[in-house]
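The data below hold one chain only, encoded as structure tokens and taken in the form predicted alone.
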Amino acid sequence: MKNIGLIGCGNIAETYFRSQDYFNNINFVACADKFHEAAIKCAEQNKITALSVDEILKDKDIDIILNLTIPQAHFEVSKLALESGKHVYSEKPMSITYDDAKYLLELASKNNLYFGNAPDTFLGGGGQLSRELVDKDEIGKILTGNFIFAFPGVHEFHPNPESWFQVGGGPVIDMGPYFFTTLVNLLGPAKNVRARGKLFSNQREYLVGPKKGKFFDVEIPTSVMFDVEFVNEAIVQGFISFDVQNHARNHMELYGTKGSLVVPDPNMFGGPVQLSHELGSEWKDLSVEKKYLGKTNIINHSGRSNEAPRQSNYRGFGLAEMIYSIENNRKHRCNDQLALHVLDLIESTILAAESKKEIQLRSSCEQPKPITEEEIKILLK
């Protein structure tokens, strides 16, 4: 059993603590935050030890650091953890720049340490059934596709939303990892990207919390449209935005020579997956409720009409699978090569929007191996 120390006691920490209820090898022993009061509160709620960041990095009983800091701090915290001889699993993205993430990959390799990275949602029932259908040539050669993720922005519900609207934040860095990782899972690595971005307002209003009614600055484009060409020659169009009040889609559609596939929300683990083979034919719903990581386990509607109130959320499985891989000396699926390629795609999308030019990706990666129900069962409580 590996001992896990968590750095960053914000909103997402609660989700990772919940993973202890699902997976048999998740063992949190300590937490830290640059605001020590947050660490003390987190420790009391979860019956673990509150430490300073320096203390948690020096603690020889801690094997893995779970990095849940804001994206702008991911690089520095992960670097310190790797230099301290600890494996790392980080929230997305790996860093906010490709060069820093590449350095982390090289540092982990040099120190013979594992580096894992969210998202792990592509390992859920929806993502894996979609992969099974693609691999079986159910819709033929995939030619094109599209997806959307759009909402008004985290200031709708978060009392400290500034980092999402500053350099290192933004809709592509925030939500791109889910969709790009799912696409790499289904299609393999990407080749190039074109994009256009827009900043519609220089300020946003705090809508909740103690600063409600005041305003903060917006530094980056809050809507980005783009198209990605993959090595297999498929081209997929995307739209990610913090400027949309409502829309009717939160999924991905792929169009092949023999039919079309609707991949469910890559931000979650569930389904259903939808399949159609002929013009005008009914879409066939394929449930994933019988899959271990597809069963509905939360009812938590955000208020957006495009988001189902019944969802599947098993975040933390990627961490559990990495721990199992460490103990069995094998490659984990949410690995640093995949995360680096996804970050390359994120940064290239942002650069393409700024330059108005097609950007060639600097990296590649192996397409993740599908995961079987038998492999998942091993890690379940």
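A residue's number is simply how far along the shown sequence it sits, counting from 1. Please read all numbers here as calculations on a predicted model, not as lab measurements.
Below, we refer to the form predicted together with a small molecule, which is not included among the displayed structures.
- In plain terms, the part of the chain that comes close to the small molecule in the predicted complex, with a heavy atom within 4.5 Å, is 172-180 out of 172-180, 218-226, 231-239, 246-254.
- With the partner omitted here, the residue from K92, R204, R194, R131 that has a non-hydrogen atom within 4.5 angstroms of the small molecule in the predicted complex is K92.
- Checked against the small molecule in the predicted complex, the residues E83, E76, D137, D285 give one hit for a heavy atom within 4.5 Å, which is E76.
- The candidate spot formed by I7, H158 and R315 lies fully in contact with the small molecule in the predicted complex, as each residue has a heavy atom within 4.5 Å of it.
- The closest heavy atom approach of I70 to the small molecule in the predicted complex falls within 4.5 Å.
- The small molecule is not drawn, but in the predicted complex it has no heavy atom within 4.5 Å of K41.
- When contacts are judged by a 4.5 Å heavy atom cut-off, W164 counts as touching the small molecule in the predicted complex.
- Using a 4.5 Å cutoff between non-hydrogen atoms, D33 counts as a contact of the small molecule in the predicted complex.
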